[in-house]
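We begin with a single chain expressed as structure tokens, specifically the form predicted on its own.
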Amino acid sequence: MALTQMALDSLDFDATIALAEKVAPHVDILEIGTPCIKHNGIKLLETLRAKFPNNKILVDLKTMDAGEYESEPFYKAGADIAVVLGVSDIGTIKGVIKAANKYGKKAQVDLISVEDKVAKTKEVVAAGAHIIGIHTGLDQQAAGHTPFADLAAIAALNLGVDISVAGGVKAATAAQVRDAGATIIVAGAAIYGAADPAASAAEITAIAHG
């Protein structure tokens, strides 16, 4: 079984809330995507936290420096998961982990653009990371990349941490992602681009929950 995460990527505050209202009952984790959190800030997190007490909320900060200082206000405001980049300094990653542990929350390390993903995963799990994010970015997707090879390599390590997979996942591939070892399946465009986002979210969650 895997959890589902819905990426909220719009810059429009009200549109983000409206979409969340449609999909929140049908997903486990609401993700405030990087452009969205940069544009709307902590107020959006606070609004979503108040409206959706039953969902976990991830803020995709993609922290690159000042890990503890940058992430702590978001954990304090109700984020369950904050994201730090794997390409950042290990001290930065440890700072986010420290802030997460202080509030009983989780730190996710995003492996986007990391050259040696296996070595980095071992390093950050040893440092206390709670979730490893295998992230095939939009630009990488456009070049034809998928997350499956990276997922297989990370899952094979069997380190006992959650593995989140993002990058073009849809209903047709959700079972493959789940069976390959993902414990969190992230869908964005497959849900918000659908004619009926709630139905699409429900379909993917049914597959993920297996």
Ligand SMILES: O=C(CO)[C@H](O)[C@H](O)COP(=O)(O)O
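The model shown is predicted, which means the values in this text are computed figures rather than measured ones. From 1 onward, residues are counted along the sequence shown.
If you look for the form predicted in complex with the named molecule, you will not find it shown, but the lines that follow are about it.
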Q. Can you pick the stretch from 176-184, 47-55, 66-74, 161-169 whose heavy atoms fall within 4.5 Å of the named molecule in the predicted complex?
A. 161-169
Q | in the predicted complex, the one of 118, 138, 126, 90 near the named molecule [non-hydrogen atom within 4.5 angstroms] | A | 138
Q: Please run the contact check for residue 60 against the named molecule in the predicted complex: heavy atoms, 4.5 angstroms, yes or no?
A: yes
Q) According to a 4.5 angstroms non-hydrogen atom cut-off, is residue 31 in contact with the named molecule in the predicted complex? A) yes
Q: Although the named molecule is absent from this view, report whether residue 197 comes within 4.5 Å of it in the predicted complex, heavy atoms only.
A: no
Q) Is residue 192 close enough to the named molecule in the predicted complex to count, meaning some heavy atom within 4.5 Å? A) yes
Q) Taking heavy atoms and a 4.5 Å limit, what residues of 1-18 are near the named molecule in the predicted complex? A) 7, 9
